[in-house]
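Next up is one chain by itself, shown in structure tokens, the form predicted on its own.
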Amino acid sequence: MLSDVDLSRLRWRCRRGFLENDLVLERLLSARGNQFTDDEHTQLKTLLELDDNALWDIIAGRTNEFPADTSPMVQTLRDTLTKH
């Protein structure tokens, strides 16, 4: 479980210049942000290191090329996208 400080930092990192990414990431953080495990937090931080277009292509399912250790978080993001 994330501390309030870690969640605040994560929210800041999730602010992107690409609206679609912002929407998906905000939905995810609103739904589960403080319940992330350390592993999920690490996976999301790894994905946030990608540029906006690459991240969107992953979330939208346009590509399945992403860091291998992030597969569970990629699926979580894709599920978040399709729920709304």
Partner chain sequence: MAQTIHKYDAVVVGAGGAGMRCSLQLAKAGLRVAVLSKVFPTRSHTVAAQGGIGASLGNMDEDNWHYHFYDTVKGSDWLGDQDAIEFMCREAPKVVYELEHMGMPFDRNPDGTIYQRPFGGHSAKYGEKPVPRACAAADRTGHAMLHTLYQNNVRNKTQFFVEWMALDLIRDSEGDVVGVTALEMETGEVAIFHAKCVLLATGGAGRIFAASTNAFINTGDGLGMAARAGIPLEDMEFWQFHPTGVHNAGVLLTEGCRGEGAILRNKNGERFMERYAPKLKDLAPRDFVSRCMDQEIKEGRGCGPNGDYIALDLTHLGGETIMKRLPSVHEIGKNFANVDVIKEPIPVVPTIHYQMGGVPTNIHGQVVVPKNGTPNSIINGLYAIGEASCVSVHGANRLGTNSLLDLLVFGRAAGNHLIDTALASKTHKPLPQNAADYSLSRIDVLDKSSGGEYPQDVANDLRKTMQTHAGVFRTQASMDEGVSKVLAIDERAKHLSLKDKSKIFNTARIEALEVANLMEAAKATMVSAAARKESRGAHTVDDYGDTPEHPLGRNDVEWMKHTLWYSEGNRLDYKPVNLKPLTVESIPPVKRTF
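If you're wondering where the values come from, they're calculated on a predicted model, not measured in any experiment. Numbering follows the first chain given and starts at 1.
Just so it is clear, the following notes concern the form predicted together with its partner chain, a form of the same protein that is not shown.
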Would its partner chain be touched by all three of Arg9, Phe18 and Asp52 in the predicted complex, meaning a heavy atom each within 4.5 Å? yes
With a cut-off of 4.5 Å between heavy atoms, is Val5 one of the residues that contacts its partner chain in the predicted complex? yes
So, in the predicted complex, is Asp57 in contact with its partner chain at a 4.5 angstroms heavy atom limit? yes
Would Glu26 count as touching its partner chain in the predicted complex under a 4.5 Å heavy atom rule? yes
